[in-house]
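Shown here is one chain on its own, the form predicted alone, set out as structure tokens.
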Amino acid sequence: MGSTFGGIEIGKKALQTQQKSLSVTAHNIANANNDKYSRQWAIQSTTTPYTYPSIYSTTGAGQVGTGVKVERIERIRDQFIDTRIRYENQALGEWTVKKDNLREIESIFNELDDGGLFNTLNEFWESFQELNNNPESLALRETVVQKSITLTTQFNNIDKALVNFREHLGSEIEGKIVEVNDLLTKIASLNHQIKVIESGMNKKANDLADERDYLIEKLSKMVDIQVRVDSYNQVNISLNGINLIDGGSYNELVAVKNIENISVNVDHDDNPLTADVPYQYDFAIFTFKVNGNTVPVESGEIKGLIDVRDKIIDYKVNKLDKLVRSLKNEVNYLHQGGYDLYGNTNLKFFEFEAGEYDAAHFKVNSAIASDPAKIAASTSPDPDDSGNGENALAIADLRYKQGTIDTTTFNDFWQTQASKLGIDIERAERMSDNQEVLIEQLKQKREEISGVSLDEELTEMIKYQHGYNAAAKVIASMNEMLDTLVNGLLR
């Protein structure tokens, strides 16, 4: 049969169990405003009974219980919701980055204000239109030069701003890689700590697991990771099939810059009717490696940065530089066929510095910039026919000429690019907003499951307090019984 003091032991276990459960409740209340925290629950179970019923037992049928214990302390977490949030986080990171950085390109183009390239092009055409009306006017010729310099300078600045912004995005990518590897280091370290703690019987490293989940969620916003939790509560993380974290060890994500050549066809002289020749660009392109293996990054903030950075190549090569080269060729073709106030001909209006073909080196011919009389406004070689402004009119009319670039006009070509950029920004904003709403809904569901409700915790606290008081009364009653038994025998 059980010990005479068995009842007191049961009461003691009850006191300890209710006290520990109350401590868990207090821990929940203390972390009610901690976004990383998951509500915890003290799971109570009966302790091993005194004996099991048996036909050989001398205690008779039935069992004598020995009390209660806190078997383990579990955190309340829904892994399915966590997985969904991590997955949707990847898209949120990608589209938010695209939205913010496409807006930066929009500000570089500056087409929402009066200072945009579209308006500067119009002022350039209008200056030639006005010169046609009075081609002998040196004041109007100076206006043409200044409007043209404003145009080339704007091309220069847009090109340089795009290149500098692309370099900035490269630095952003490298910074994100540092953040990724820092998170991998911390998650692997938490894996190790959790393994050590949970190697003990019925021990749960709940707070460390919360911290680990928080870091994994941050990581999921940067790259499209896949997460698996094994039977030892160890998180294994991979990136498109390549292991980043395996238990307590991790592999760094490395960004590698490779120089890639992009070749485009350009006119080899200032005649738009002649055959094209190849012109080569060299751009640094990022690839990513883990343990020497090339691994694609297909979502997350880094993917968004990569996409915008690559889009800048398209804007520079296929939009800005293409417009500059076409404008130069068309204007020079007409200008070289006209005559200036000195009766001279075959003078280029635009040129490139240092033999380059891109917008950063686009400029007005220095001979014309220093002497506006050299503008070939006339179609007549006779200096006495200096009032002939027909060539200036022909250049002004290029504004309306279809097929100068991609079957359209110069102005329409650039306005189309600005419109496409606006459409890209709207799409990124819509996708980013949708992801924010979706993730907010998922987080609300997680909060309903894992969040701390103060009302509920106060109810639990009262329940454990009453349990504690009741256990104390059991001990007091047992103490009275023992006192009667012991002292009664001595009398």
Partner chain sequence: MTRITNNIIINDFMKNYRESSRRLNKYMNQLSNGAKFSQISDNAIDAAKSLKLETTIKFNNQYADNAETGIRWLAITDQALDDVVKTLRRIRDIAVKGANGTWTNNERAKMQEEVEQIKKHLIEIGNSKYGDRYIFNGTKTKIKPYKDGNTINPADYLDSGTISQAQIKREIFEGSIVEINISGKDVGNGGFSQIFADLKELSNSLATGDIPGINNSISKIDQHIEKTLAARARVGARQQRLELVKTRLETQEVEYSKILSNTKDVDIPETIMKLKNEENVYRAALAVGARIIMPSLINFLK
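Numbering follows the first chain given and starts at 1. Worth saying up front: this structure is predicted, and the values here are computed from it rather than measured.
Heads up, the form predicted in complex with the partner chain isn't pictured, but that's what we're talking about next.
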property: Selected contact from Glu353, Asp384, Asp230, Asp276, since only one has a non-hydrogen atom within 4.5 angstroms of the partner chain in the model of the complex; result: Asp384
property: Heavy atom within 4.5 Å of the partner chain in the model of the complex - the one residue of Glu167, Glu252, Glu106, Asp310 that qualifies; result: Glu106
property: Option from 389-397, 191-199, 300-308, 232-240 whose residues, in the model of the complex, bring a heavy atom within 4.5 Å of the partner chain; result: 389-397
property: Contact flag, Tyr214 vs the partner chain in the model of the complex, heavy atom cut 4.5 Å; result: no
property: Exercise: Leu458 in contact with the partner chain in the model of the complex, heavy atom 4.5 Å; result: yes
property: Contact flag, Arg39 vs the partner chain in the model of the complex, heavy atom cut 4.5 Å; result: yes
property: In the model of the complex, Met431 touching the partner chain (heavy atom, 4.5 Å); result: no
property: Contact at Glu111, Gln415 and Ile449 by the partner chain in the model of the complex, all three, heavy atom at most 4.5 Å; result: yes
property: Residues within 4.5 Å of the partner chain in the model of the complex, restricted to 166-196 and counted by heavy atom; result: none
